[in-house]
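Here we start with a single chain on its own, the form predicted on its own, put down as structure tokens.
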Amino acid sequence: MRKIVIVPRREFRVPVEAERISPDVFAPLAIEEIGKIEVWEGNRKTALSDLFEVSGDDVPAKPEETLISLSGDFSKVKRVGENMTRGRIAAEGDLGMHAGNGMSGGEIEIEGRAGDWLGREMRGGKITVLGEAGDYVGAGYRGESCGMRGGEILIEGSAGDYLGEHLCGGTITVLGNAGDFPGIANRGGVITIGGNAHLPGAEMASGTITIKGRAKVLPSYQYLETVEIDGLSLKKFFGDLVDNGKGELYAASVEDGGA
């Protein structure tokens, strides 16, 4: 496995657009060539090596045999791993917005916190976040009818609002809590939340959402029955009936107003 290490030279005060930090781009290039890749810091175009120290194995390899290690604070570095198809990216700390945009393969692991729009319009591959994640995980960007279509996102902490908005496929698992409207306009994906959530599945047409904690369920959902899944007693709902939806919503506990 070829390993390439990227370290910020300083703290960034404005966002850095770095969509070319990807195994697909780095794999065939020598270290010196990688350093010449253009990125944007705010409205200023510059070379990758002006902002980051680039080191590691200098021999080109296949993307699937390439690991990019991000060491340091990448919280303002956006679009890392965009459209990646193979290989692996490992962030030792936080990672900025839009990581894994449109990725169709490979793996991204984030030890810290992930910014908003993680895995936007993802097609395949796997993203793992050991910390928390922001809003719009696995969502579609403004005007898009579909967000995530395939792949897997695992968040070991909690996630923000609009988790999986316009989800059309794939799997999102959050071990902690989720914010408002997880699975809004779900069109076929699977969302599992280990903690609590507020108003899951609004405008859901199909798909499955499971809340293993407490949820505020919309009145447009029809309660069906209580079922046992993996040793957990869950209330099963059908909806969103406002949109003639046929989605399945499960919740271990429901706030007043639900079943």
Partner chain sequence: MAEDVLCPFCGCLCDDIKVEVENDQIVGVKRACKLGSSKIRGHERTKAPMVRKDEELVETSYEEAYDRAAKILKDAKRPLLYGWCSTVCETHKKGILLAEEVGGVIDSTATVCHGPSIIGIEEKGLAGSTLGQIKNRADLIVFWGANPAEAHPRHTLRYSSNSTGMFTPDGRKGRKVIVVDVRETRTAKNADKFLLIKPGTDYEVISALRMIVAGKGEIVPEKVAGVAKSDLEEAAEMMKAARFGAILFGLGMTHSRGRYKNVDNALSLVADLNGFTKFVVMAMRGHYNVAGFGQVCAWETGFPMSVDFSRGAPYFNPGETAACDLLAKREADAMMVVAADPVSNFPRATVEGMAEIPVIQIDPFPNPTTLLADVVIPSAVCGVEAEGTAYRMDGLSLRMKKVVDSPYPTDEAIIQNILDRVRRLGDDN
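Since the model is a prediction, treat every value here as computed from it, not as a measurement. Residue numbers count along the first chain shown, from 1.
This next part talks about the form predicted together with the partner chain, which is not shown.
Just one of A61, L199, L67, I31 comes within 4.5 Å of the partner chain in the predicted complex, counting any heavy atom, and that one is L199. Using a 4.5 angstroms limit between non-hydrogen atoms, L241 touches the partner chain in the predicted complex.
Of the heavy atoms in R88, none are within 4.5 Å of the partner chain in the predicted complex.
Taking non-hydrogen atoms only, L218 approaches the partner chain to within 4.5 angstroms in the predicted complex. Although the partner is absent from this view, R44 contacts the partner chain in the predicted complex, with a non-hydrogen atom inside 4.5 angstroms. Residues with any non-hydrogen atom within 4.5 angstroms of the partner chain in the predicted complex fall in just one of 168 to 176, 148 to 156, 117 to 125, 103 to 111: 117 to 125. With contact defined as any non-hydrogen atom lying within 4.5 angstroms of the partner chain in the predicted complex, the contacting residues in 15 to 42 are P15, E17, E19, W40, E41, G42, given in sequence order.
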